[in-house]
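We begin with a single chain expressed as structure tokens, specifically the form predicted on its own.
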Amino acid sequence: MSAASVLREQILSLVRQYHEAQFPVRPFAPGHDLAHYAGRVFDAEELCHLVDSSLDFFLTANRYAERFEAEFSDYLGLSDALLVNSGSSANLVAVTSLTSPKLGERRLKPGDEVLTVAAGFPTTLAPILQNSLVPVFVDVNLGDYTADPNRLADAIGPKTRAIVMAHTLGVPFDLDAVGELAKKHDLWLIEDNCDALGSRYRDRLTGTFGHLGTMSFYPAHHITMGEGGCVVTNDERLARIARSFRDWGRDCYCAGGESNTCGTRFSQQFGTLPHGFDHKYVYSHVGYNLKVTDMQAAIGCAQLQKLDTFIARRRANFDWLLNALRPYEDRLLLPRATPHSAPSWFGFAITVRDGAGFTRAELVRFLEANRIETRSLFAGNLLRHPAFTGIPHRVVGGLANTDTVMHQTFFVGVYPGLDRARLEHMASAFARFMRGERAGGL
């Protein structure tokens, strides 16, 4: 073993000792410690992977990125997984890929319509607008917060070319109905799976039904790289296009450190370039640089080994909280799965019912005063936000439920970092509030 290898082993051994000293497991102190809505869950392996990668000092995507992409595509049962630097970038790459001239008449063009919902996170919607496409909004169901499939069917018009929607908070939308619509009307389908890694529909993983799927590895999500995301597909042509948009728009698809994967680097003709112009510097798209570093991917490799355990803990925490809050269903609309689905829950969504006798603001203030983190269901109604005022769009059937989400819905956590003590503290706070206790002075 070389001197460098010996030193690397010594360093990684010290990293494990550091983790034990720096991140000991401490008992939960109710009212003092936060019951987070989400967060990083990691052990010494993530730190060792991170440091191991840093010692390579390759910095940009390298062996860990290649390993993650291979293992993640295997996990999903798809041909390709392309790491990007965030879930938002994954959505940008996925939508933009469908505008590629390489898709011929099927490419999306400015003015084409895309079906989506307004109750969600802005970066599901933003790439539609950034590509001069026109969003068509339909309302969501209360309880599962996914699009009403009947409204989707009503919304299809002569310019409709795609469906781009999220599996909100891990709840799969009606993939039977959506898939049938996409097939019947020859629509592209992008699943924003950023909230839903591990969710299943008819026992198949979400993110694998559409032409493209997207993932987020932000710390709040099911696994993390810090920042990070992924575009997945089972279509090699789409994968090559997506890789081009991610990698500056270049036509070449060589991996880092390679130079002539296609075998025709100096013998092709592109546009009006001189014959044989170096393929590595031919650009077929107006692209971006949205790659990850190998240090991020290294953390992801360690996290991926824990994914099934994380999913199981999310489901167990959700079930425990659901049982604890059932006595208040007359005042709280509790979350539910869609038919045929098994969510990998991102959060526990609650809508305060009309006539509950209290407001969402009062309940949220009480929970926050008791050190229980809450979050709105993201943007509520995106069309109410300054950034999206005046955008070209259509609304089909009204957005009454979306407005209800904006006024009356929030969520608390079910992530794997919540142990029984934290869940019991959360249930106790809900019980005290339902008995009439309120936060003073907040």
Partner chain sequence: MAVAQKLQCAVERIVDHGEHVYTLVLRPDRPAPRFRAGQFLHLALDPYDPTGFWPESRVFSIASSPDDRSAVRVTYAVHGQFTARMESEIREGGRVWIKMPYGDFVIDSPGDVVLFAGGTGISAFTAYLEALSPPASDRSYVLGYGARTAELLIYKDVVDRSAARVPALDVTWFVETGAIPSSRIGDPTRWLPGRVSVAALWTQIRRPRESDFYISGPPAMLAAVAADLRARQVAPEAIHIDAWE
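Residue numbers count along the first chain shown, from 1. Keep in mind that this is a model prediction, so the values were computed, not measured.
The same protein also exists as the form predicted in complex with its partner chain; that form is not shown, yet it is the one meant from here on.
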- Message: Just to confirm, with a 4.5 Å cut-off on non-hydrogen atoms, which of Tyr328, Tyr253, Phe270, Trp320 contacts its partner chain in the predicted bound form?
- Response: Tyr253
- Listed residue (Val178, Ala81, Val352, Leu133) with a non-hydrogen atom within 4.5 angstroms of its partner chain in the predicted bound form: Ala81
- Query: What stretch, of 22-30, 57-65, 38-46, 379-387, brings heavy atoms to within 4.5 Å of its partner chain in the predicted bound form?
  - Reply: 57-65
- Does every residue of Glu69, Ser73 and Asn260 put a non-hydrogen atom within 4.5 angstroms of its partner chain in the predicted bound form? yes
- Task: Flag Arg265 as yes or no: does it have a non-hydrogen atom within 4.5 angstroms of any non-hydrogen atom of its partner chain in the predicted bound form?
- Result: yes
- With heavy atoms only and a cut-off of 4.5 Å, decide whether Gly157 touches its partner chain in the predicted bound form. no
- According to a 4.5 angstroms non-hydrogen atom cut-off, is Arg371 in contact with its partner chain in the predicted bound form? no
- Item | Non-hydrogen atom contact Arg243 with its partner chain in the predicted bound form at 4.5 angstroms | yes
- Across 1-25, which residues bring a heavy atom to within 4.5 Å of its partner chain in the predicted bound form? Arg8
